[in-house]
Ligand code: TRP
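A lone chain, given as structure tokens: the form predicted on its own.
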């Protein structure tokens, strides 16, 4: 990836990524070019999931190392993290969980870490509160979305001393100027959090030398970049594979704006959804790809690429491709107007999604005591 300061990039109009901010990413092709990513090719992966088939995964790094490991049934791992900074999460997080589930289902040794140290350093959340939120909400949410707790290794950053020790070693491998080029600024909380994340990503390789993949949104790309830089420089008894990554597109806010921050509470759907009946109002107010008049839409059809309701159904709500194709054809043919489409597809599929999630979430909460954390 090219080295650039976040502030400098803003002045030059470059694509910016910030794991602690709320930058906007609108042009994925441009991002792939500027950051030297690979296009995601779902043909490389056996039994591609919904995110792969529908182009929600747009890019990655060293993807062949993982696809080869899957095909050849060689050891590999998948790691994801929970930032317990709030008691709700954006619906878009479901995309990351589905990618983790895919790799877990295809043989990856799976790790889920609770970033309690990062939450304390960057968001002021105490370790005790971070653990409470993880146990009462975040982990049950991930399980409800498809993560298999019996095949997952859980740990808290604050309790994994091997991660902290590895982070200290990794901190010797990056200069201040390099850190500034990756993250845009040098702040003590950022520095500590970033190196702990490097330790997290590489730690599974201390137990077994194997490639690993990190499914993330593009805002986490700085962490992947620095970890890959550090892995190239680590020498000793362990050989570290450069971590692979798969990047997914973001779910828009209901008004069509492009929000990356999961802490932005306006105009989005969150998990859990406590009031299922409110979905009607939310979806009816969502931006659509309708034409200026009913006559024009009947003649020309709608524009699903501009419709947030179609995006939500494609990314999250409609699991079967046949149902999604029916929604698409009804739109572009002019058969269904936007209100009709929302009533026929958006609202009922959204309600089914959240009703299924709520049921699984309550069941997962009952079994949270069975989860053991590494010490």
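Positions refer to the first chain, counted from 1. Since the model is a prediction, treat every value here as computed from it, not as a measurement.
This next part talks about the form predicted together with this ligand, which is not shown.
Screening 102 to 110, 241 to 249, 178 to 186, 192 to 200 for residues having heavy atoms within 4.5 Å of this ligand in the predicted bound form returns a single hit, 192 to 200. Think of it this way: in the predicted bound form, this ligand has a heavy atom of just one of 226, 269, 115, 147 within 4.5 Å, and the residue is 115. When you look in the predicted bound form, the only residue of 164, 220, 152, 86 with a non-hydrogen atom within 4.5 Å of this ligand is 220.
Heavy atoms of residue 82 reach within 4.5 Å of this ligand in the predicted bound form, making it an interface residue. The closest non-hydrogen atom of residue 95 lies beyond 4.5 Å of this ligand in the predicted bound form. Although the partner is absent here, residue 253 sits far enough away that none of its heavy atoms falls within 4.5 Å of this ligand in the predicted bound form. Using a 4.5 Å cutoff between non-hydrogen atoms, residue 174 does not count as a contact of this ligand in the predicted bound form.
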